[in-house]
Every structure is written in C-alpha cells, then in structure tokens.
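Single chain ahead, by itself, as structure tokens, in the form predicted on its own.
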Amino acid sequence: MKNYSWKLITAIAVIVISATFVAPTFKEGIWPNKKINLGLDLQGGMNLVLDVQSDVAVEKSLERMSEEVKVLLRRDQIQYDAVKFVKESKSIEISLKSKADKEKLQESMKKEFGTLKQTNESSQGDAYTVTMAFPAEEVNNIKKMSVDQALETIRNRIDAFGVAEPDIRKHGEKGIIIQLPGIQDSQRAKDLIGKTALLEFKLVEDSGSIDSPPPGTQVLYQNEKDAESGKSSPKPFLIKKQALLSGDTITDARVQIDSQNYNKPHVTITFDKKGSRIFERITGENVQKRLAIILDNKVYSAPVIQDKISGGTARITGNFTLDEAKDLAVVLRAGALPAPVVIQEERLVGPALGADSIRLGVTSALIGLLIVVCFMLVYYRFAGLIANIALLVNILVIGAVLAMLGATLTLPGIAGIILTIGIAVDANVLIYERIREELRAGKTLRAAVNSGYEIATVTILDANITTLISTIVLFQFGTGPVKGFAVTLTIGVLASMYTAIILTRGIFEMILSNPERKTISI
C-alpha cells in the first residue's frame, strides 16, 4: 500500500467522524450526540456573585457544641446551672454549681472539645463560670471549610437542576461566582441555590400558648394554601426547640405522586442506618404526638405519629407544585449549606444579546476565513486550494472536538478559532515557500515537495509547541472566558498541525502519484 493511502483514509475518517459530531449543532436530533454547548455570552443566562456568611458557620458550630457540652456534663456528672452560647462574643459560657468541679470540667472539655480554648473565668461564692471560644486559627479554618462546602453543595444542586456547563468557582476568601448559561427561570435558580436546606424533625408542643411560648419552645409557621381561593396564609405551630433528628442522615430524596390525594406531589426521604434507628426510636416514643418536619425554620408538615415507623423512610407533604417538590428533593439530596449565602451581584444576559454575539462572532470568523481563502487562491493558486481544504477541515475538527468533549464555546472561544485560522494558514505558507525555494534551486516537483515538508515541519512544530505551552498556562491559571479561549486555541493548534503537515501532504502525494504530473501551480 502506498504511503499516501493511509493518510487519505485517515483524512476521510477524520472528516466523517467530525461531521458526525458537528451535525447535531446545526440540526438537533439527527444524531444522538449533543450539540456544541454555548457559553453565557452566546446563549444568555445568569451570572451570580454570592457571599458565604462564614461567620454564621462559626456561630452554628458553637451553638451546636453548647448542646453537646450539656450532654457531656450530664454524662460526667458535673453539676451545672447553665450552658449557653453567647452570640455577641462568639463563645460558650458554662456556669457550674460548685467550683469543686472546675478541674473535672477542664479535663472533660480538653478531652472532648480540644478545639475550644478558655478565654475567661470568674467565680461568685461557690459558683464558677468559665467562657470558652475558638482560637483565631480554628475560626479561620471553619470559615474556609464553610466556603468550600458551600461551593460543593451548590455545585451538586446545580448539577441536579440540569444546567449544562455551569461555571462555579471561588471568588476571593468567601465569595462564589456562578454562571448558568441558558437558564430561563432565574428566580427558581436563585431559590434553589440560596436555600440553606437545614432539615429538622421536632415535636409539636400542643399544651402551651403561641402568644407566650414556654421556655424551650418556639413559634414556627407553615404556609397554608386555601384550596378554594388559592391564597396562602401562615399557620403558627408551637415547636420544641430541641431537634430530634436532622437532615444530615438523609441518603436520598425523591418526588412521588400521591394518586389517592388528587395526584399531589410529595417528597419521600430515605435515612442512613443511623438515621433509621433514630427515626424509629423517635416515632416509637412519641405515638399520638405531632412531629413537625421543618426546613429552614419553616414547617412543611406536622403529622400525628400513628405508630412506630421502621424502614428508614419518611414523607414530606405540603402544598407543593411539582417544580417545588423537585427543587426540595434536589436540595435535600445535595445537603444543607453550612452557612447562608447572600447574592452580592446578579447579572442576566438576555438571549437576544447572546444571539447578537453569535451573529457578530460568526460574521467576523466568516470574513476572516473569506479573506484568507481568497489570498491563498490568488497567491498560491492550486496549492492554495489544497491549503483552503485543510483550513475547512481544521475548523470542522475544532467543532467536532468541542462537541465530543462537551466543552463550552464562548465569545473568546470564537476569537481563538479566528486566531487558529491564521496559525493554520501560516503553516501552509511556510511549507509552500520552502517548496518554491526548492523548485527555484532546480529540484524536481516530487523532491521539492518532500524537501519542503521535511524542512518546514520542524519550524511549524517549534512554533506550535510554544503556542501550546502558552495555552496550557492560560487554561491552568485563567478563569471563565480565558479558559474558553485557551481550549479552542489548543484544539485549533493541534488540528492545524494535523491538517497542514499530514492532510495537505497526503493530497500532494496523491497528485504526484501520477507519473505524468511534472508541474503544479504554487
């Protein structure tokens, strides 16, 4: 088999495969592959800058620890008057009945809560009070972890929401930038992202008064919708503050339709083994009492426990629409945010603006392509036609690789493609000029072509490899649009090396395989 055969077969295969991957971009549905993803600047969408309230994460940690300290004191039989979290000083204040338990307390705290440090102590009579707080290093560690966890939680929620190619990354010490291309319902997306999703199971206190809640209780509300008028009104519940079970034991949450209740959607949640045991115990110990299911301090349902519930599943019912039920299931599966997030900046890019960007970008690329094609035809004539074929294949390959990898094409990405056109033509110019020199030196056409490719290939590889190094650096350290530029440029440079060095040479070898061919217009 002649040398040019494998090059042409490879070229045909590359063109067919590339066309297969690019085709869905122009006519969706003709092939199972996805079309090329367009970035926020091309198809419109939403850009959000969030601020993670990491101070709240520190407060939550201390508040949770204060409850655990109570358990510890009871376990170690240390008599105390009060254990309370002091929000203003971000500390835990422990008041003992007797100063005699001071050393016992310090030993227990050191063993169980090593991250807390004593910041103050005082005594009055026999009573002894100690104040404990996180050292600065631990505070910074909690804040950093809360931002990292929030980033991961939001990413999981958006993935489950079904947004293609979202761009989610940290911004500064406690900021998060989110770009959602193609998002239509921006309010729903913001609700999904910003929901803290702290799920708790608490008992309803039926004996107290809502107007004057007894100690250890709180008033929370359920949004009750009137079936006839459709109007919503808050329904108060007196709830015990102590959470019996939280959402961190949930392993799954799914939307189901209740066919016996007007096809209303509800969310079925599944607990892990630990959660299952706790839920079974809670329901077993509180039969005929109401158990409130609370998400972000909002009561979703408060059913009466009829019997002990085993099996590790529970239902959250309410006046959900199907979308609301789906979003609730998403946030429960993704987990709770470690701290609330606040939207600092919101920017919506309309589809019309994206369409303008596409039109202008495509127009620029076509004009550049047309100028280059005309120049090559005029200056190199038949050889210019071969270079133009290679150029078109180059663009086809870039589109195919973008679709194949599921990469996102942005406006800077289009700029990368336009730059690639120049790089690809430059490689052919180098080869053709070398062939011209060899012909002027008196070599035969075949010898001039062989020599031209062999000599010019080294120069092309040197130039393209340095460009690739630059694009790798851009991709590694760049963000958003810069990465998009680096991706298309990298693919374009690799494709141009193939088309300029291998594809065009294969065409030349096919032409020169005819022994009667002695000249070629170049």
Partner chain sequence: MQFIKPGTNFDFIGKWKIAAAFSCALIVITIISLVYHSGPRYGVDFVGGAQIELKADKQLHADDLREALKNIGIDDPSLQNSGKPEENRFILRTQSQIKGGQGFTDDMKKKLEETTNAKIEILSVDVVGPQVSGELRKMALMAIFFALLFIAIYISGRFEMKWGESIFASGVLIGIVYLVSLFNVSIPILIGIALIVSLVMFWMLGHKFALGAIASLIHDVIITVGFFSVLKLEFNLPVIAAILTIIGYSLNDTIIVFDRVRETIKSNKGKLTFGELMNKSINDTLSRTILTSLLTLISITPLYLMGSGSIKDFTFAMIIGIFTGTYSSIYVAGAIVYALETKRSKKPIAQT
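None of these values were measured; they are calculated from a predicted model. Rigid core: the largest C-alpha set superposing within 1.5 Å between the two forms. Positions refer to the first chain, counted from 1.
Below: the form predicted together with its partner chain, not depicted.
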*Counting only heavy atoms and a 4.5 Å cut-off, does its partner chain in the predicted complex sit next to every one of Leu38, Asn141 and Val163?*
no
*Using a 4.5 Å heavy atom cut-off, indicate which stretch of 375-383, 69-77, 93-101, 111-119 touches its partner chain in the predicted complex.*
375-383
*State yes or no: in the predicted complex, is some non-hydrogen atom of Arg254 no more than 4.5 angstroms from a non-hydrogen atom of its partner chain?*
no
*Give a yes/no on whether Lys443 approaches its partner chain to within 4.5 Å in the predicted complex, heavy atoms considered.*
no
*Could you tell me if Leu405 has a non-hydrogen atom within 4.5 Å of its partner chain in the predicted complex?*
no
*Classify Glu224 as contacting or not contacting its partner chain in the predicted complex by the rule of any non-hydrogen atom within 4.5 angstroms, answering yes or no.*
no
*Considering Ala82, Ala136, Ile367, Val304, which brings a non-hydrogen atom within 4.5 Å of its partner chain in the predicted complex?*
Ile367
*Of the residues Pro236, Gly208, Gly422, Gly284, which one places a heavy atom within 4.5 Å of its partner chain in the predicted complex?*
Gly422
*For 323-343: residues with a non-hydrogen atom within 4.5 angstroms of its partner chain in the predicted complex?*
Ile343
*Would you say Tyr432 moves its Cα by 2 Å or more between the shown form and the other one, aligning on the core?*
yes
_Exceeds or equals 2 Å, Cα of Glu454 between the shown form and the other one, core fit_ = yes
*Please check if Leu489 moves between the shown form and the other one, taking a CA shift of 2 Å or more relative to the superposed core as movement.*
yes
